[in-house]
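In the block that follows, a single chain appears as C-alpha cells, in the form predicted alone.
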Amino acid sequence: MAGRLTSLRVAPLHPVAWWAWAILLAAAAARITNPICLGLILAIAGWVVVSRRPQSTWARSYSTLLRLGALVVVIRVVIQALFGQRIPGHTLFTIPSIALPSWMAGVTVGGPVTADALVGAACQGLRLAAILGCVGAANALVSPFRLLRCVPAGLYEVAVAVTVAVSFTPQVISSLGQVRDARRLRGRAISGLAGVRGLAVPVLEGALERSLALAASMDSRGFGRRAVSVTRQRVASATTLAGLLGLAVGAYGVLDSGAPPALGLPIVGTGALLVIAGLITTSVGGRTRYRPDRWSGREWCTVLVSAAALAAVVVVGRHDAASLAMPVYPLSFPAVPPLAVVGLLLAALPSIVAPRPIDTAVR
C-alpha cells in the first residue's frame, strides 16, 4: 500500500526581523573593542546561521564574509605595524624607518613595533569583522527577494537597487564555483596568481550581470508596484521631501550643542512622522500578495532579544566603559562584563524561536 507524502511548510521568519536582529547586534559590536565580547558576538551570529540558514545560494556567502573579516584584521595589524603611531610598550621588533618632512608630522613609516599597538589594532579590526559577520548572517538567513517584498511601494526604486547590492555577494559565490569548475575541466589553473587572474573578471562580470538581470526581471513584471494616482504621488513626494528636510535640520540641532532645544528632537520627530506619512500614502492600495510574510510573536521575540543585547551594552558602556574596551596601554587581560555577556547571550534565542526554513516530508 503506497503511503501518501504530505509536505509540511513552515513559514520562515520575517526578513525584516532577521535584518533588525543583525543590525542591532552589529550596533552592539560597534561599541565594543573587548575581544571576549566580540568573539561572543561572532559565535552567536555563526550559531544562529548554522541553525537556521536555508539551503540556498545566498546562504553560502556567510563563510566568505568571515574570511573577509579575518582579512580585515590582518590588514589592520599590518597597517599599524607599518604606518601606525609609535607608542611605548613591549617592543617585538623594529622596522627600518624613513624620515618624513615636517609637514607630515604625526605620520610614521617604520620604527619599533610594540605588542600593545598590535593588540589594539587587532581588536579594532575584530570589531569590524564582527560587524561584517552580523551583516553576513542577515545575508545568509534572508532571501533578498523576500526582503524586497517587504519594502513599501514608495521606496520601490531604491529597494531594487538595494536588492542588486545585497544579492551581489551570493551571486559572486555562485559564479566563483561555476567558473572554477569550468576552468578545472579545461585544465586551467585555479590557484595562485594565474588562477586568481583567470577567475576575477568572469566571476565579477557574471555576478553583476545576474544581479542586474534579477532587478530587470522584477521591474518588468511590476514586482512591488501599486497603482497610485498622480495627485497622491505628488502629495506623498512633497510630504517625504519635507520630512527629509526636517530630519536634516533636526539632526543638526541634535549634534550642535549651541543650537536651541526646539531645533533638535522635536524637529526630528516631526520629520520622521512626515516621512512615514509619505511612505504610507504611496503604499496604500488594493493589490494583493501571494503568501505574504506575517509578523507574529516569533518576530517580536527576535527583535526584542537583539534590542536587549544592545541595551545591555549601552548600559555597561555608560557605567563601566573600560570593561567594553581592550586595555592595551598598559597591556592586560580584558574584563568580562556580566551584564553585557548575558545580554549578548539572549541574542542567540532566534536559533530556538525561529522555525527551520525547510520543507519536510512526512509519510
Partner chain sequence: MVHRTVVVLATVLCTATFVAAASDAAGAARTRVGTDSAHFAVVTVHHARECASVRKAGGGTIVVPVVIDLGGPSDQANVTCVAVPAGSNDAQVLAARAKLLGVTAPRYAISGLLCAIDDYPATGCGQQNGSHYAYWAYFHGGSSWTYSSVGPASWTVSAGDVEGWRFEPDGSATPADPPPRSPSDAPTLCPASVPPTTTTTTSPASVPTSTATSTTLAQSSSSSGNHGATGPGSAPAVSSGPKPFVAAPGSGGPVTAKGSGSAPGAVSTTTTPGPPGGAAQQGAGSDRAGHRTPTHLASKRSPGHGGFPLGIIIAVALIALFATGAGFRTRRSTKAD
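Numbering follows the first chain given and starts at 1. These numbers were taken from a predicted model, which means no experiment stands behind them.
There is another form of this protein, the form predicted in complex with its partner chain, and it is not shown here; the text below is about that form.
- Site annotation in the model of the complex: the residue of L40, A312, A26, V305 reaching within 4.5 Å of its partner chain with a heavy atom is L40.
- Exactly one listed residue, out of L65, A30, A335, C301, brings a non-hydrogen atom to within 4.5 Å of its partner chain in the model of the complex: A335.
- Taken together, V50, H90 and S323 are fully in contact with its partner chain in the model of the complex: each brings a heavy atom within 4.5 Å.
- Its partner chain in the model of the complex comes within 4.5 Å of a heavy atom belonging to A348.
- Residue contact with its partner chain in the model of the complex: S175 places no heavy atom within 4.5 Å of it.
- A residue is said to contact a partner when one of its heavy atoms sits within 4.5 Å of a partner heavy atom; A122 meets this definition for its partner chain in the model of the complex.
- Proximity of S296 to its partner chain in the model of the complex: non-hydrogen atoms within 4.5 Å are absent; the residue sits far from the partner.
- Only one segment in the set 269-277, 123-131, 198-206, 244-252 has any non-hydrogen atom within 4.5 angstroms of its partner chain in the model of the complex, and it is 123-131.
- Annotation for 316-331: interface residues with its partner chain in the model of the complex are H319, D320, A322, S323, M326, P327, V328, Y329, P330, L331 [heavy atom within 4.5 Å].
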